[in-house]
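Below you will find one chain, with nothing else, as structure tokens; this is the form predicted alone, and questions on how it binds or moves follow later.
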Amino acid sequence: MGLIYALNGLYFAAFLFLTSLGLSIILGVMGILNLAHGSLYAIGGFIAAYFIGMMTGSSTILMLVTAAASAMVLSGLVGLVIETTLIKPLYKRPLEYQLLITFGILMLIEDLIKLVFGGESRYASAPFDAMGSVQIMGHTYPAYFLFVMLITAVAGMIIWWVMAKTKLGIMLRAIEMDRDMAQAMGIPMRRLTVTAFVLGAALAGLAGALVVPTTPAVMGMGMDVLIMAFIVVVIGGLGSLKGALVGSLLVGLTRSFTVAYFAELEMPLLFLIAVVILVIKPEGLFGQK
């Protein structure tokens, strides 16, 4: 069963990677501690569940592509509206203002989701059922879980390419390393901070879209993943793709094996790891001082 627990850990790490990477980009580039990030994940989940339900009977790939694309676009648009209206005035405010405003945004989005979707759980298991299962070393394992890992790997490679090989990524990393220096060099700060927020929101929406074929979209679904994403960011460090990957794998695998053998220690152990990292290396394993 160790193989299955390891695969389950990788599957959970895939969601965490997409969510925490978006959170890390926003926090690293913009310096905004966005408590509303989990709500963007929830928007992606509800939007995907809606489209999957509407497309019952269509091909599985078409259903998933439509649901994922819709979730990313709408979560990104909501992120754009939030950044340009409510987040923009916060850049020079103290941390407590960020916490209060983004918590207020979280509550606002939760109420909007309830208003639009009625507050009822939405099930969208059609893609999971259609993909069936595969045999891995004598064990039966859901093919959809492997599909999610593949999509996450592709998304991670695209983000790596953007951040490492394009002018956009280089400027974003320059802002993250030294905001004042980047501004003095004429980097378009305003346009890039909006881009970073929309990118982070879209990644959260994609993560939400991928989870609903296995877990129903419910009110408050973004809270648990938000807490886990913060733990990943603490472990991996701000704005680091490598940190988000390693942190997600560590949290995902730890959670999977802990749930299997010592379920009551799941969250205490994850928080203990985060505390140890904060004490030994406050900037995270791959963050910059």
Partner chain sequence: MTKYLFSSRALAYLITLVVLLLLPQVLDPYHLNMVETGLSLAILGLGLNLLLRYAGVLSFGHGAYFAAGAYAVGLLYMYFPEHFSFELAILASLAVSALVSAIFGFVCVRHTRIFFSILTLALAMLMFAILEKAYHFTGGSDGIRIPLPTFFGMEITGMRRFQFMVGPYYYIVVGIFSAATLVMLAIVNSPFGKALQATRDNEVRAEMVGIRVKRFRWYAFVISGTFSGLAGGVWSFVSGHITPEISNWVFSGEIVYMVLLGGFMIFEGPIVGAVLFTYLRLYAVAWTEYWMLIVGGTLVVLVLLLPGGVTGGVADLVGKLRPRRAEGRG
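Small disclaimer: the values here were computed from a predicted structure and weren't measured. Positions refer to the first chain, counted from 1.
Missing here is the form predicted together with its partner chain; even so, the following discussion is about that form.
The single contact residue among Y91, W160, Y123, Y97, judged by any heavy atom lying within 4.5 Å of its partner chain in the predicted complex, is Y97. With its partner chain omitted here, the record of contacts in the predicted complex names 99-107 of 138-146, 99-107, 201-209, 170-178, defined by a heavy atom within 4.5 Å. In the predicted complex, at least one heavy atom of F230 sits within 4.5 Å of its partner chain. For L64, no non-hydrogen atom is located within 4.5 Å of its partner chain in the predicted complex, even though that partner is not displayed. Among residues of the shown chain, L33 is one whose heavy atoms approach its partner chain to within 4.5 Å in the predicted complex.
Contact annotation for L115: at least one heavy atom lies within 4.5 Å of its partner chain in the predicted complex. Not one of M54, L77 and V81 is positioned with any heavy atom within 4.5 Å of its partner chain in the predicted complex. For the partner-free chain shown, M223, L226, I227, F230, V234, L238 of 222-238 come within 4.5 angstroms of its partner chain in the predicted complex, judged by any non-hydrogen atom.
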